[in-house]
Structure formats: C-alpha cells, structure tokens
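First comes one chain, alone, set out as structure tokens in the form predicted alone.
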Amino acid sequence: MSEGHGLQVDISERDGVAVLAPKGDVDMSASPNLRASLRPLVAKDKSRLIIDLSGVPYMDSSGVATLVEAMKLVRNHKGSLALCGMNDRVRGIFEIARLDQYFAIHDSIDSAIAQF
C-alpha cells in the first residue's frame, strides 16, 4: 500500500490477476502517486492488471492521462488492463472523451477477471 496527497493505493492479487485499488480523488496532486504505484506492477511483467476505481469519487484529466499511460505500458508488455467499479461521474469522463471505446470497463472485479 502506498499513500500520498490524500490518495491511498492498495495492491493485491486475485485469481492470478494484479488488482490496484486507489482510494481518494485522483487529481493533479495525486496522479504521480498512482503512476508510481502502477509502474512497478508493469515492470514485474504483470500481464493482467485490474484497476478498481470504486474508491475514487473524482478524477480529473491528469488521472485519466495516468490511466492512458498505464494502458500503453501494459500493452507494450503484451498484457491486458481492465478498469472496474467506476461511479457515474468518473465513467462520464471516460465516455465524453470516448475512452470507453479503448478501455475494458467493468462493473466489478469479478466481471473484469472473467474477461481474462
């Protein structure tokens, strides 16, 4: 678990899939902490990664950019990334930017695991 700028990030593994769960707003001050938590998972060749956003009430463009960067890193390592647990506000950001067409977005960790 790492913490900084009001963002706590829990990392676990479930059914052989790495699950990263940020808790708190993902904004300009918290995005570097999220990025710092994501990079080692990708570097360890975690080919399947779920980011559980159920604990994220708000995300700004820097948070979205961090997730886009994570998706690119995972794909460069021939892996898969899924997002789950978004509230309507966060999901709306992805839909407006049409990123819901590029990310695998699920309602729960279970449905994200089933995609793999």
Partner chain sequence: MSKPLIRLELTSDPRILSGVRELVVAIALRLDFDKTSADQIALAVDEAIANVICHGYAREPGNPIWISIQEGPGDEPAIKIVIEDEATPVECENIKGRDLDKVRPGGLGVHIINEIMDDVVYEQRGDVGMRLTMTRAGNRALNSPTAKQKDAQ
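These figures come from a predicted structure and were not determined experimentally. Residue numbers count along the first chain shown, from 1.
FYI, the form predicted together with the partner chain isn't displayed, but the following is about it.
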- [ ] With heavy atoms only and a cut-off of 4.5 Å, decide whether S80 touches the partner chain in the model of the complex.
- [x] no
TODO: Using a 4.5 Å heavy atom cut-off, state whether S61 contacts the partner chain in the model of the complex.
DONE: yes
Open item on the list: Quick check on M28: any heavy atom within 4.5 Å of the partner chain in the model of the complex?
Closed with: yes
TODO: Answer with yes or no whether R89 is in contact with the partner chain in the model of the complex, where contact means some heavy atom within 4.5 Å.
DONE: yes
Task: Contact check for R14, V17 and A36 against the partner chain in the model of the complex, heavy atom at 4.5 Å - done: no
Task: Heavy atom within 4.5 Å of the partner chain in the model of the complex - qualifying residues of 73-105 - done: R89, G92, I93, I96, A97, R98, L99, Y102
